[in-house]
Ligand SMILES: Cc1ncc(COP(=O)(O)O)c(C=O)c1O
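In the block that follows, a single chain appears as structure tokens, in the form predicted on its own.
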């Protein structure tokens, strides 16, 4: 018996594995594997979720008009330049489906977010890896890999799992040198955590360059990962074809209502970001005192290098602390550690001190 075959490039995809994996012998108690906001969403979001039961039988707004208006108001943007999606992953996939196909190339940063390669192969395009130098991207490395076949460049801004970003001046240079036929996608999922003076989420470049788009997420700082909500900001000429292929109801009414409530409570976001900054600084100090090397960091996680990362990962898991191994990103010596609550990070440091192998 034979079965229908999918597009050949799909068989090159390694399925995405999230941080919810709990190997045999692990105690899933403190999860620091998925870069989630440990404090969750605001109380206003929780109220929306509790009160939504009488609307579940109704279809949502396909274009998410009220949510797009709320996003536009919160960020001082034009709602006609916005598209919402089922998480920012949905946005990344829609961009590939809209602007690339067989024979095309998509640039992906080395050790970049796994969805970039999945979205590329899913449409039959060829992933072209841009190498990092000392874990950092350079403008020259990006531009040197652009060809006439290049259709998209996924720019992690900042990166995951490599928390590096191109500075404002580097991006100015990149966009001046980038051919106009290449769509530059700012994946700014962690931008709420960024306060560096040389960082910008990307909106100003969308407004200046017609080949630039920005993707954002409600999963990280907004604490809404389970509700699956993201959005894209781009010129209407870019937005139009995306709407044409967008699934009719790709965001639920519940996620739309929750997103509006979340945007209306920026004090909660500021509070969570402030706590993350405090906990991050303390954890960095503690982990450096243990002589554990870490990569340059930004946002709400760190990448720590161990002599035997696999054994450390298992030791932590057996103690109830789940972090993220990085073998799938070709970084087998590293563990990605989300910044959780203060008491969770203190416990992690205590357990690391007792770990027989680091």
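Note that the structure is a prediction, hence the values are computed from the model and not measured. Residue numbers count along the first chain shown, from 1.
The form predicted in complex with the named molecule exists for this protein as well; it is not shown, and the discussion that follows is about that form.
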Heavy atoms, 4.5 Å, the named molecule in the predicted bound form: which of 168 to 176, 266 to 274, 102 to 110, 188 to 196 makes the cut? Say which one.
188 to 196
Partner contact for residue 223 in the predicted bound form: the named molecule, 4.5 angstroms, heavy atom
no
Is there a heavy atom of residue 153 no more than 4.5 Å from a heavy atom of the named molecule in the predicted bound form?
no
The named molecule contact at residue 95 in the predicted bound form, heavy atom, 4.5 Å:
no
Quick one: does residue 202 come within 4.5 Å of the named molecule in the predicted bound form, counting heavy atoms only?
no
Checked 212, 229, 258, 232 for heavy atoms within 4.5 Å of the named molecule in the predicted bound form; positive is 229
Across 128 to 161, which residues bring a heavy atom to within 4.5 Å of the named molecule in the predicted bound form?
160
